[in-house]
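There is one chain below, alone, in structure tokens, taken in the form predicted on its own.
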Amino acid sequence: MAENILSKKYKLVVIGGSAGSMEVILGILSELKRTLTLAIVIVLHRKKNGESLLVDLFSSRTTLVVKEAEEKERILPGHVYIAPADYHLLIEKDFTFSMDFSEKVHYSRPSIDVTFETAADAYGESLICILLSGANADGALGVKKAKEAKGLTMVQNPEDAEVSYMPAQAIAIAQVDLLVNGAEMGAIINNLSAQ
């Protein structure tokens, strides 16, 4: 890993995924150390109706606090936030969340691009942006924006992804910093948190 990547102080990790990403996210969560100094925000494409079981499922894999993000909530280190179903999750420059019910992006709400782009505006070079497996192009523009803001961009290796289209789209339009297999991501986040 390049020294300039290791020397930065990161505050937020945003993770986006769609088809084929759930097992990778569960693996990341199970690896995260209890003393993590970063906040984690997860944007996962899912159905708009029905009760979310993600908080319970994710909580079973980590000792960190897991919850759905709420309007105006302050983002805290050591917490895992999940984008609520059927809302875009925006990250404000005062490091709080806001929700938006505007048009879908890439047929998706929450949109990974929306969260990634607002996170890049708010956190700049202290952002780690991770895009996982998926079947559409949502998240690719967000990765590009994070890279332009000097954040660290990490994309699941398409050869490792269950559905390679989404990470491949990000690689096609952005100079991604790291191509990583899903099983390696948790350890990398832990290492970057320790800086």
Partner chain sequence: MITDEEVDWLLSDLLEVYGYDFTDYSRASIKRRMSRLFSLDRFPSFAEFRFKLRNDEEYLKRFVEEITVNVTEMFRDPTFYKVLRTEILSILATYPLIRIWHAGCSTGEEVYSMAILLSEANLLHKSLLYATDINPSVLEKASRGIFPLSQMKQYSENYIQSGGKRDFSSYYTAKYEYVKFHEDLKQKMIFATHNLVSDRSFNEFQLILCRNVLIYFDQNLQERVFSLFDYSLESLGFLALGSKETLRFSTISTNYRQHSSKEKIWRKIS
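In this text, all values refer to a predicted model and were calculated from it rather than measured experimentally. Residue numbers count along the first chain shown, from 1.
Keep in mind the form predicted together with its partner chain is missing from the figure; the text below concerns it.
Undergrad: So in the predicted complex, is its partner chain close enough to V105 to count as touching (4.5 Å, heavy atoms)?
TA: Although its partner chain is absent here, V105 would touch it in the predicted complex, with heavy atoms inside 4.5 Å.
Undergrad: Looking at the partner-bound form in the predicted complex, is E92 within 4.5 Å of its partner chain by any heavy atom?
TA: Judged by the heavy-atom cut-off of 4.5 Å, E92 is in contact with its partner chain in the predicted complex.
Undergrad: Although its partner chain is absent from this view, report whether I75 comes within 4.5 Å of it in the predicted complex, heavy atoms only.
TA: Answer no; every heavy atom of I75 is more than 4.5 Å from its partner chain in the predicted complex.
Undergrad: E68 versus its partner chain, in the predicted complex: is there a non-hydrogen atom within 4.5 Å?
TA: Heavy-atom contact with its partner chain at 4.5 Å: present for E68.
Undergrad: Report whether all of P84, R109 and D121 sit within 4.5 Å of its partner chain in the predicted complex, measuring from non-hydrogen atoms.
TA: Every listed residue reaches its partner chain in the predicted complex, so yes.
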